[in-house]
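Given as structure tokens, the chain that follows is alone and in the form predicted alone.
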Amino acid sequence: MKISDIIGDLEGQASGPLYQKLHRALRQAIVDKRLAADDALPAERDIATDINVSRITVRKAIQALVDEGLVSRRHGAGTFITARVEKSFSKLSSFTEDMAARGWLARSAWLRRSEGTVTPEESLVLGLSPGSSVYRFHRIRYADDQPMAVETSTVPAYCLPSKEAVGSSLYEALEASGHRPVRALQRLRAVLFDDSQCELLGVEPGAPGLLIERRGFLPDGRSVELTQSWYRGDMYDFVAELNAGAA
């Protein structure tokens, strides 16, 4: 792969330091998918020779891409374009199912599992009577060992035999107990991660993210799930298919 064939001439770029021009050109190539997910970048010295710049210029440009989460360095292997996950709003599926559909291995790092009494807010959202028992699950979601999201779920206790019933997938556990949701309402909004979320996800302080709030329903209309997921904005894209209605 010759980077000069992909990014063209840097002289036509807007003014600024040369490393910023290279950074912008590489970033645009990634956005346009001229550099695809999991493509390996040439070695820094090869890029420098190819486009006739210093290795320091190349190193600073690539570090800027690393800081944005667009590329990642793999020890002993090189620098690779980071894969981004596209999540469709049109299909009700679990994180584990989404990752499996892309050939990725999903796993969770548990932060907390607990049993307790429904809070007033949970009572309203889930339609549960005050004093009802719920299970709460708080974990980090990974795909191929990349931290993708911090997730908190609240489920009515009658939907699962115990809080230990949930392994890698909440939906698998709910399906096994006959309580998998068949439809859901979701809301997406942009957020800035707090310090604890940045530490858990390995991103810079104040990094942007996407908060997805989901309320899942059983066939009879009962609420079965309240989930809040804070996704890394540099790793996740959300897509929706829109169709024109009748005039």
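Residues carry their position along the shown sequence, with the first being 1. Quantities reported herein were computed from a predicted structural model and do not represent experimental measurements.
Omitted here: the form predicted in complex with a small molecule. The next part is about that form.
Every member of the trio Arg141, Ser168 and Arg214 reaches the small molecule in the predicted complex with some non-hydrogen atom inside 4.5 Å.
Partner contact region in the predicted complex: 151-159, out of 111-119, 73-81, 124-132, 151-159, criterion any non-hydrogen atom within 4.5 Å of the small molecule. Gln146 falls outside the set of residues with a heavy atom inside 4.5 Å of the small molecule in the predicted complex.
Shown alone here, Ser93 lies within 4.5 Å of the small molecule in the predicted complex, counting heavy atoms only. Taking the partner from elsewhere, Ser229 is found to have a heavy atom lying within 4.5 Å of the small molecule in the predicted complex.
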